[in-house]
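Below you'll find only one chain, the form predicted alone, shown as structure tokens.
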């Protein structure tokens, strides 16, 4: 297990380093002078030269990358171009809102999608299986921004059950939870179908294994066979999907954060791209990539802990 952990950690570090290099090259390939963007068109040549020297923009590209990578490894993501505020501090204030939204969206999707997939696999080709298939395909096909708009029209404007704007009053947990319901519903609805289809496919494969036939031959109850033996193995691909899905939701919540005017990393990236505030953009993207890699690593470790065959195959 420790050897597997070390290999996965090394691979995660390599992925993050490659992501840092790719992000650096993409940002420097964007047309436009970063000095003019930061200081404005009225800055004198002396001020522009001083700013370029301060930000090492007058150095060769490889030298800028080494400084950029070294600062990232030290946790220094740079400063906001306009306010000169630390990017790391700004992201530390906004990141909890995005994580809460991703956890809530994927959490309720798993609570609904996994049982739906189990019920569909227990009775394949039945009316329940067909209804589950229709629900799964329907939830996958509808984009989250469209769900967000319809949810606002129905639950906020027509029924007036839930608030729309913001993330709730700071320190008031109930208010924050009420403001979280609609965005989490809109973001997580599509994942209900993904999880249901994944669990159904895995369950159908596991239900045909020899040890499941043996359990049936011994007269065990169907509920015991499904939830104690079959689901324990069938859930492994779903854990990987949840890990990948959580990482994807960290960047995919941008539509919900914009539509519901919620604070978060996605909204920061959108606003800062429009303002050409590249230090904040690159810091937010790097934090998102790092979280994506960490969550995927945790999911892989959980799968390897539950299934020793994964560790032995690497």
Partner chain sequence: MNPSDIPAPAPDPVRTGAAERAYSVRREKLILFLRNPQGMLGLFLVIMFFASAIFAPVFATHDPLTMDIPNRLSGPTADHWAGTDQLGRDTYTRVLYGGRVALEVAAIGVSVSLVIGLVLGMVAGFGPTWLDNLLLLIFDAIRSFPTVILALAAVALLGPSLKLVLAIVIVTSIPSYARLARTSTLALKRTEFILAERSLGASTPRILARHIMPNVIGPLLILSAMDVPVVVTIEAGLSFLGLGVQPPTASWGTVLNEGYLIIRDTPWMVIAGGIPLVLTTLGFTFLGEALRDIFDPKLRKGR
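For clarity, every value in this text was computed on a predicted model and none was experimentally measured. Residue numbers count along the first chain shown, from 1.
As for the form predicted in complex with its partner chain, it is not shown, yet the points below apply to it.
With a 4.5 Å cutoff on heavy atoms, residue 107 does not count as touching its partner chain in the predicted complex; it lies far away.
Put simply, residue 250 is close to its partner chain in the predicted complex: some heavy atom of it is within 4.5 Å.
A residue is said to contact a partner when one of its heavy atoms sits within 4.5 Å of a partner heavy atom; residue 143 meets this definition for its partner chain in the predicted complex. Its partner chain is not drawn, but in the predicted complex it has a heavy atom within 4.5 Å of residue 289.
None of 50, 273, 61, 43 but one reaches within 4.5 angstroms of its partner chain in the predicted complex through a heavy atom, and that residue is 273. Taken together, 26, 150 and 269 are fully in contact with its partner chain in the predicted complex: each brings a heavy atom within 4.5 Å.
Looking at 110-118, 69-77, 151-159, 178-186, the stretch with residues near its partner chain in the predicted complex, meaning non-hydrogen atoms within 4.5 angstroms, turns out to be 151-159. Taking its partner chain as positioned in the predicted complex, the only residue of 200-215 that brings a heavy atom within 4.5 Å of it is 205.
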